[in-house]
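The chain that follows stands alone, in the form predicted on its own, written as structure tokens.
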């Protein structure tokens, strides 16, 4: 069974990099260009893990985490924050909101795949 990843990022470049990296590692990749779209498609995609940026138009990553943890589509799936931000304050805020982990851009393909496999039990 293929592990499904939903990546939410307003950068087309990042979405493309994630797609190549994750599809190459055997994941089923879905993406959204902002938080609103990501939350909207979440029930249809039914992902095993979510990757979200923090700084996005319409709804930021904290809004995504809040919506997925407490909204109508409430879920316990792992949520990884992928961002250029690395401040401890933001990390703490993300953890309190319900994020599972934090990865700083630019990301290393092998490290990201390793974290996703650990979180989802996907052996690939």
Partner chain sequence: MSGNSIRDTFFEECEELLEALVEGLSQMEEAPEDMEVVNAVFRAVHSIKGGAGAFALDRLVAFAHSFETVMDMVRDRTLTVDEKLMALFHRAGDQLSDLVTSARDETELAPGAEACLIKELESYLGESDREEDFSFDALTLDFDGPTIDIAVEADAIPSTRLFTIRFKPGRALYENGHEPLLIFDALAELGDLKVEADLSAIPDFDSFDPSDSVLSWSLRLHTTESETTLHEVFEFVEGLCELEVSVSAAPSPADIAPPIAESAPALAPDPTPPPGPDSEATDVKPAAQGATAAPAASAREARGPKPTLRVDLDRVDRLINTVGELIINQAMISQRIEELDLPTVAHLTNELEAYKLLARDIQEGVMAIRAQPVKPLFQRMSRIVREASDATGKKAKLVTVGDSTEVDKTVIERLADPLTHMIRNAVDHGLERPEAREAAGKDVVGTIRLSAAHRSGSVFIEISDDGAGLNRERILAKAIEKNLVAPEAELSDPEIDNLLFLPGFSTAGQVSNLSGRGVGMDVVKNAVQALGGRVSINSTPGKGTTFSIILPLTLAVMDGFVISVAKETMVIPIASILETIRPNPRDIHIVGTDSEVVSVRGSYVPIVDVADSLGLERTDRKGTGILLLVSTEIQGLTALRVTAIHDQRQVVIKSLESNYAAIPGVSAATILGDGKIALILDPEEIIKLGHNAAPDLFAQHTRMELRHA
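Residue numbers count along the first chain shown, from 1. Because the structure is a prediction, the values reported are computed rather than measured.
Below, we refer to the form predicted together with the partner chain, which is not included among the displayed structures.
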{"query": "Partner contact for residue 30 in the predicted bound form: the partner chain, 4.5 angstroms, heavy atom", "finding": "no"}
{"query": "Residue 39 within 4.5 Å of the partner chain in the predicted bound form, heavy atoms", "finding": "no"}
{"query": "In the predicted bound form, residue 25 touching the partner chain (heavy atom, 4.5 Å)", "finding": "no"}
{"query": "Residue contact check: residue 73 to the partner chain in the predicted bound form, 4.5 Å heavy atom", "finding": "no"}
